[in-house]
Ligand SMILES: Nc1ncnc2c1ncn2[C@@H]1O[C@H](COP(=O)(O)OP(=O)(O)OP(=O)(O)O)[C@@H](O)[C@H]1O
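Taking the form predicted alone, here's one chain by itself in C-alpha coordinates.
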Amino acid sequence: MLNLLIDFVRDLARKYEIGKVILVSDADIEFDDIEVIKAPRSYIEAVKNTFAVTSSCGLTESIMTIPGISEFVEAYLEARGYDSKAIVCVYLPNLKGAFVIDGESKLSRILKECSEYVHPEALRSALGVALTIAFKGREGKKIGTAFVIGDPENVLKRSRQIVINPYEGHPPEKRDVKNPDNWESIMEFAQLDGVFVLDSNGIILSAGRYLDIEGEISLKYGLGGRHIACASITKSTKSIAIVVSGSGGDITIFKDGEAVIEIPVSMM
(Lines give C-alpha, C1' and ligand atoms only; values in the text may rest on other atoms or scores of the structure.)
Protein backbone atom coordinates (compact mmCIF):
# COMPACT_ATOMS: atom_id res chain seq x y z
CA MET A 1 0.00 0.00 0.00
CA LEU A 2 2.80 2.43 0.89
CA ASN A 3 4.54 1.93 -2.46
CA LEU A 4 1.26 2.56 -4.30
CA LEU A 5 0.72 5.77 -2.33
CA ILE A 6 4.27 6.97 -2.99
CA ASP A 7 3.83 6.31 -6.73
CA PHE A 8 0.50 8.16 -6.67
CA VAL A 9 2.08 11.20 -4.98
CA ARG A 10 4.91 11.20 -7.53
CA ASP A 11 2.35 11.11 -10.36
CA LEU A 12 0.48 14.06 -8.80
CA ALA A 13 3.73 15.98 -8.41
CA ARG A 14 4.61 15.51 -12.07
CA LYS A 15 1.11 16.26 -13.34
CA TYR A 16 0.66 19.47 -11.35
CA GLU A 17 4.36 20.46 -11.23
CA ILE A 18 4.44 20.47 -7.42
CA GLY A 19 7.65 20.13 -5.42
CA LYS A 20 6.28 19.97 -1.86
CA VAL A 21 4.49 17.29 0.15
CA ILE A 22 2.87 17.94 3.52
CA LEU A 23 3.23 14.55 5.22
CA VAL A 24 0.61 13.64 7.83
CA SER A 25 2.09 10.43 9.18
CA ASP A 26 3.97 8.81 12.04
CA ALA A 27 6.36 7.31 9.47
CA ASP A 28 9.31 9.00 7.79
CA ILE A 29 8.59 8.72 4.07
CA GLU A 30 10.76 9.99 1.24
CA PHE A 31 9.52 11.00 -2.22
CA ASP A 32 12.81 11.27 -4.15
CA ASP A 33 13.21 14.89 -5.34
CA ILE A 34 10.04 16.17 -3.67
CA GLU A 35 10.51 18.25 -0.52
CA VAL A 36 8.76 16.70 2.48
CA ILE A 37 7.34 18.95 5.22
CA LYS A 38 6.31 16.86 8.23
CA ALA A 39 3.10 17.99 9.92
CA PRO A 40 3.42 18.74 13.66
CA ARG A 41 2.67 15.91 16.08
CA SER A 42 -0.36 17.75 17.49
CA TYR A 43 -1.89 17.96 14.02
CA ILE A 44 -1.28 14.26 13.29
CA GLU A 45 -2.99 13.32 16.55
CA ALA A 46 -5.93 15.60 15.70
CA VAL A 47 -6.39 13.84 12.34
CA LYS A 48 -6.33 10.44 14.08
CA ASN A 49 -8.91 11.54 16.63
CA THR A 50 -11.15 13.11 14.00
CA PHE A 51 -11.03 9.95 11.91
CA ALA A 52 -11.98 7.84 14.94
CA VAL A 53 -15.05 10.01 15.52
CA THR A 54 -16.13 10.32 11.88
CA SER A 55 -15.63 6.64 11.12
CA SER A 56 -17.81 5.64 14.07
CA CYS A 57 -20.56 7.81 12.54
CA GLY A 58 -20.08 6.47 9.01
CA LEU A 59 -18.60 9.76 7.78
CA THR A 60 -15.06 8.72 6.87
CA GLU A 61 -15.15 10.56 3.55
CA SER A 62 -15.13 13.87 5.47
CA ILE A 63 -11.61 13.35 6.80
CA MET A 64 -10.01 15.32 3.98
CA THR A 65 -12.17 18.34 4.78
CA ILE A 66 -11.87 18.34 8.55
CA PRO A 67 -11.90 21.84 10.05
CA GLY A 68 -8.44 23.33 10.03
CA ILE A 69 -6.70 21.18 7.42
CA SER A 70 -6.60 23.77 4.63
CA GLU A 71 -5.93 26.63 7.06
CA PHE A 72 -3.05 24.68 8.60
CA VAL A 73 -1.42 23.91 5.24
CA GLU A 74 -1.83 27.49 4.00
CA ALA A 75 -0.42 29.03 7.19
CA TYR A 76 2.41 26.51 7.37
CA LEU A 77 3.49 27.28 3.80
CA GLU A 78 2.94 31.05 3.97
CA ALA A 79 4.98 31.39 7.16
CA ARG A 80 7.89 29.75 5.37
CA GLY A 81 7.64 31.95 2.29
CA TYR A 82 6.26 29.22 0.01
CA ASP A 83 3.36 29.53 -2.37
CA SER A 84 0.23 27.62 -1.39
CA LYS A 85 0.61 24.84 -3.98
CA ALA A 86 1.30 21.49 -2.30
CA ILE A 87 0.32 17.84 -2.01
CA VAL A 88 -1.08 16.64 1.31
CA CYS A 89 -0.22 12.98 1.91
CA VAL A 90 -1.89 11.11 4.78
CA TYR A 91 -0.44 7.75 5.83
CA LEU A 92 -1.87 6.56 9.12
CA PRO A 93 -3.40 3.30 10.35
CA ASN A 94 -6.75 2.81 8.53
CA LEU A 95 -6.34 6.15 6.76
CA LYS A 96 -4.27 6.63 3.62
CA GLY A 97 -4.56 9.04 0.73
CA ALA A 98 -3.33 12.20 -0.97
CA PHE A 99 -4.82 15.35 -2.45
CA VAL A 100 -3.62 18.56 -4.08
CA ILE A 101 -3.92 22.11 -2.76
CA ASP A 102 -3.56 24.39 -5.76
CA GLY A 103 -4.18 28.06 -6.47
CA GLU A 104 -4.12 31.18 -4.36
CA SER A 105 -5.49 30.52 -0.88
CA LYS A 106 -7.63 32.80 1.22
CA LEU A 107 -4.72 33.33 3.61
CA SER A 108 -2.42 34.28 0.73
CA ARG A 109 -4.92 36.88 -0.45
CA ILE A 110 -5.31 38.25 3.07
CA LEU A 111 -1.55 38.57 3.56
CA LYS A 112 -1.25 40.42 0.26
CA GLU A 113 -3.92 42.86 1.43
CA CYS A 114 -2.11 43.30 4.75
CA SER A 115 1.10 44.08 2.87
CA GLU A 116 -0.46 47.46 2.14
CA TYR A 117 0.67 48.43 5.64
CA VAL A 118 3.64 46.16 6.44
CA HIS A 119 6.52 44.36 4.76
CA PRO A 120 5.34 40.91 3.54
CA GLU A 121 8.39 39.09 4.92
CA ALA A 122 7.89 40.68 8.35
CA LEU A 123 4.25 39.59 8.31
CA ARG A 124 5.10 36.00 7.31
CA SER A 125 7.82 35.79 9.95
CA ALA A 126 5.52 37.06 12.70
CA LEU A 127 2.95 34.49 11.59
CA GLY A 128 5.65 31.82 11.77
CA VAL A 129 6.45 32.75 15.38
CA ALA A 130 2.72 32.83 16.19
CA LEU A 131 2.24 29.33 14.75
CA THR A 132 5.18 28.03 16.79
CA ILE A 133 3.74 29.54 19.97
CA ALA A 134 0.28 28.19 19.15
CA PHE A 135 1.56 24.64 18.63
CA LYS A 136 4.25 24.44 21.30
CA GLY A 137 3.26 26.97 23.96
CA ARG A 138 6.01 27.48 26.50
CA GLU A 139 7.26 24.83 28.92
CA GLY A 140 4.29 22.65 28.04
CA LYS A 141 1.66 25.34 28.69
CA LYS A 142 -0.55 27.23 26.26
CA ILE A 143 0.21 30.95 26.18
CA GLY A 144 -1.48 33.86 24.47
CA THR A 145 0.22 36.84 22.89
CA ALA A 146 -0.09 39.30 20.01
CA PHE A 147 2.09 41.07 17.46
CA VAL A 148 1.07 44.56 16.31
CA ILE A 149 3.03 45.39 13.17
CA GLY A 150 3.29 48.76 11.40
CA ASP A 151 2.51 52.45 12.08
CA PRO A 152 4.63 52.28 15.26
CA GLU A 153 4.45 55.99 16.11
CA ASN A 154 0.67 55.93 16.39
CA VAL A 155 0.58 52.49 18.01
CA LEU A 156 2.99 53.60 20.73
CA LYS A 157 0.91 56.75 21.33
CA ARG A 158 -2.15 54.55 21.91
CA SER A 159 -0.44 52.09 24.27
CA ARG A 160 1.60 52.00 27.45
CA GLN A 161 4.44 49.92 28.85
CA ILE A 162 3.44 47.74 31.83
CA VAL A 163 6.82 46.09 32.45
CA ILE A 164 10.39 47.09 31.69
CA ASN A 165 10.81 46.85 27.94
CA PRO A 166 13.15 43.87 27.33
CA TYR A 167 14.03 45.10 23.81
CA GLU A 168 15.02 48.64 24.69
CA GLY A 169 18.63 49.48 23.84
CA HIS A 170 19.32 46.35 21.79
CA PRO A 171 20.61 46.56 18.19
CA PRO A 172 18.08 46.07 15.36
CA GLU A 173 19.52 42.70 14.33
CA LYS A 174 18.65 41.31 17.78
CA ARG A 175 15.09 42.63 17.49
CA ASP A 176 14.32 41.51 13.94
CA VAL A 177 11.41 39.03 13.76
CA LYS A 178 12.58 38.01 10.28
CA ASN A 179 15.65 36.33 11.79
CA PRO A 180 14.68 32.86 13.14
CA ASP A 181 17.65 33.05 15.54
CA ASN A 182 15.61 35.60 17.51
CA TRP A 183 12.47 33.46 17.79
CA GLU A 184 13.49 31.68 20.99
CA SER A 185 13.78 34.95 22.92
CA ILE A 186 10.52 36.19 21.38
CA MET A 187 8.74 33.05 22.61
CA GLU A 188 10.22 33.61 26.07
CA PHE A 189 8.95 37.20 26.24
CA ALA A 190 5.57 36.08 24.85
CA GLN A 191 4.79 34.94 28.40
CA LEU A 192 4.59 38.60 29.48
CA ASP A 193 1.20 40.28 29.67
CA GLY A 194 0.50 42.65 26.83
CA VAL A 195 1.64 42.61 23.20
CA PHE A 196 4.69 43.02 20.99
CA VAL A 197 4.93 46.23 18.96
CA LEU A 198 6.91 46.03 15.70
CA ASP A 199 7.65 48.52 12.96
CA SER A 200 6.55 47.78 9.39
CA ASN A 201 9.86 46.00 8.65
CA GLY A 202 9.53 43.59 11.57
CA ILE A 203 11.89 45.23 14.07
CA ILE A 204 10.50 44.73 17.58
CA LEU A 205 10.21 47.99 19.47
CA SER A 206 8.59 46.72 22.63
CA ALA A 207 7.14 43.70 24.46
CA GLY A 208 4.79 43.67 27.44
CA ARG A 209 2.77 46.62 26.19
CA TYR A 210 -0.91 47.36 26.86
CA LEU A 211 -3.08 48.77 24.10
CA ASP A 212 -5.69 51.44 24.70
CA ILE A 213 -9.18 50.62 23.46
CA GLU A 214 -10.90 53.36 21.49
CA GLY A 215 -14.44 53.44 20.10
CA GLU A 216 -16.91 50.61 19.58
CA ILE A 217 -15.58 47.20 18.58
CA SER A 218 -17.82 44.31 17.57
CA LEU A 219 -16.30 40.82 17.64
CA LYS A 220 -17.78 37.36 17.75
CA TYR A 221 -18.65 35.92 21.15
CA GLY A 222 -15.83 34.27 23.08
CA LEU A 223 -12.89 36.46 22.05
CA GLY A 224 -11.06 38.09 24.94
CA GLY A 225 -9.50 41.41 25.87
CA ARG A 226 -6.36 40.94 23.78
CA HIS A 227 -8.51 40.41 20.66
CA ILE A 228 -10.63 43.48 21.44
CA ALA A 229 -7.54 45.63 22.01
CA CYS A 230 -5.92 44.45 18.77
CA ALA A 231 -9.10 45.04 16.79
CA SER A 232 -9.24 48.55 18.25
CA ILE A 233 -5.61 49.46 17.52
CA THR A 234 -5.87 48.28 13.91
CA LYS A 235 -9.04 50.34 13.50
CA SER A 236 -7.34 53.55 14.67
CA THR A 237 -3.91 52.98 13.06
CA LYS A 238 -2.47 51.52 9.86
CA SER A 239 -1.23 48.39 11.58
CA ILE A 240 -1.81 44.64 11.39
CA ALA A 241 -2.29 42.47 14.48
CA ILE A 242 -1.66 38.73 14.80
CA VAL A 243 -3.23 37.31 17.96
CA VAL A 244 -2.57 33.90 19.53
CA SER A 245 -5.39 32.86 21.84
CA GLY A 246 -4.23 31.79 25.29
CA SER A 247 -7.13 29.40 25.74
CA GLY A 248 -6.75 27.25 22.65
CA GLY A 249 -3.92 28.62 20.54
CA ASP A 250 -6.12 29.74 17.65
CA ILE A 251 -4.66 32.58 15.56
CA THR A 252 -6.60 35.63 14.39
CA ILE A 253 -5.31 38.35 12.06
CA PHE A 254 -6.82 41.85 12.36
CA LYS A 255 -6.80 44.68 9.81
CA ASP A 256 -8.79 47.92 9.90
CA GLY A 257 -10.59 46.81 13.06
CA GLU A 258 -11.83 43.54 11.53
CA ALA A 259 -10.84 39.91 12.02
CA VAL A 260 -9.85 39.13 8.43
CA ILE A 261 -8.98 35.46 8.97
CA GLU A 262 -8.93 32.86 11.75
CA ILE A 263 -6.62 29.84 11.81
CA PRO A 264 -8.15 27.18 14.10
CA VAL A 265 -4.95 25.73 15.51
CA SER A 266 -6.83 24.23 18.48
CA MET A 267 -8.61 21.89 16.05
CA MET A 268 -5.35 20.58 14.60
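This structure is a prediction, so every number in the text was calculated from the model and none was measured. The numbering used is simple: start at 1 and walk along the sequence shown.
Keep in mind the form predicted together with the ligand is missing from the figure; the text below concerns it.
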- [ ] Go through 88-96, 193-201, 118-126, 179-187 and give me the stretch that gets within 4.5 Å of the ligand in the predicted bound form, heavy atoms only.
- [x] 193-201
Open item on the list: Whether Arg226 contacts the ligand in the predicted bound form should be assessed with a 4.5 Å heavy atom distance threshold; does it?
Closed with: yes
Open item on the list: With a cut-off of 4.5 Å between heavy atoms, is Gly246 one of the residues that contacts the ligand in the predicted bound form?
Closed with: yes
TODO: Would you please decide whether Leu211 lies within 4.5 angstroms of the ligand in the predicted bound form, comparing each non-hydrogen atom pair?
DONE: yes
Task: Residues of 13-30 having any heavy atom within 4.5 Å of the ligand in the predicted bound form, listed in sequence order - done: none
